[in-house]
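In structure tokens, one chain follows: the form predicted alone.
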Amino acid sequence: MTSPSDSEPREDAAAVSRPPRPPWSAFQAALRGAGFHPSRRLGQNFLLDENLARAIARDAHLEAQEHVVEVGPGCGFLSVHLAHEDVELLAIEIDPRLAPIAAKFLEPYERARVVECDVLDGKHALNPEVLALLPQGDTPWHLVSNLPYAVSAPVLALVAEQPKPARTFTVLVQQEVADRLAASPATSDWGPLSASIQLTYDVTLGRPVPRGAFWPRPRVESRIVHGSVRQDLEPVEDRRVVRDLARALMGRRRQMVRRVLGDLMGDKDAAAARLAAAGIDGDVRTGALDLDQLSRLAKTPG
């Protein structure tokens, strides 16, 4: 599904008053001075298209003084458009060569802050330093980023699995990840990531972004994806149980659920009884189970 805001990027009133970005050559000089070369391992691809960066900030529909987290600001090209919305911006940059460049670019914006650290703590957790910087209590926050390709899927999955996830996300990711985030059951893209994200968010696909909008030019296509927290969001403990079940079952997505569940439980008869109690046909392939079925199965004793 495509968001209704996916028209071509346009100039707006806020853009007119924004100080012009220094020429790319000025940033190239700073990067050379820092000994910088883009890292494929870190998934570094700079979005240079000014209109697209402005459109991402605008399509996030942020209000002044809301809390916004940006992962991988690079030189700060998207950051400055977010900061111009007068939000409380926390930009998290892992590369010590880039963080000072982004911080310098964001100096005019008092509410913007660049923190130099890894957003991840290994593969399965967010960095405790980052978690400590997130708004506490009932204060909402939003994720808006040109996510580094190398961490886009784990960052989104971990954000979705937080007790207090981001209220919305607007992220630029590789097309393959976008397709998985918005996938429907029984399609080739539906899998554990799809289920994990959609347990927390209603997801819509935004505008595609061509490879030529980046430096260096990536080998894959990219797309903006939007998410907003589900109104029927379940407690994090319940979401994690469903997530874990989805991961276990979808590892064998082409097999019938009665066989896979029987193997997982070590008892085929008990698995059949559990499926019957959950109202699920045992001959359905695990890759065709939707969120409602996965949730019912997770909540059914067995």
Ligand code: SAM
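Only a predicted model underlies this, so the values are computations on that prediction, with no experimental measurement involved. Sequential numbering from 1, following the sequence displayed.
Here the subject shifts to the form predicted in complex with the ligand, a form of this protein not shown in this document.
Not displayed here, the ligand is approached by residue 43 to within 4.5 Å at the level of heavy atoms in the model of the complex.
Looking at residue 160, you'd find every heavy atom of it more than 4.5 angstroms from the ligand in the model of the complex. Heavy atoms of residue 85 never reach within 4.5 Å of the ligand in the model of the complex, leaving it off the interface. Contact annotation for residue 202: none of its heavy atoms lies within 4.5 Å of the ligand in the model of the complex. Only one listed stretch (234 to 242, 249 to 257, 63 to 71, 268 to 276) carries heavy atoms within 4.5 Å of the ligand in the model of the complex, and that stretch is 63 to 71. This chain is drawn without the ligand; in the model of the complex, the residue among 182, 195, 143, 119 with a heavy atom within 4.5 Å of it is 119. Residue-level contacts in the model of the complex: of 80, 101, 147, 178, one residue has a heavy atom within 4.5 Å of the ligand, and it is 147.
Applying a 4.5 Å heavy atom cutoff to the ligand in the model of the complex picks out 92, 93, 94, 95, 98 from 87 to 106, in order along the sequence.
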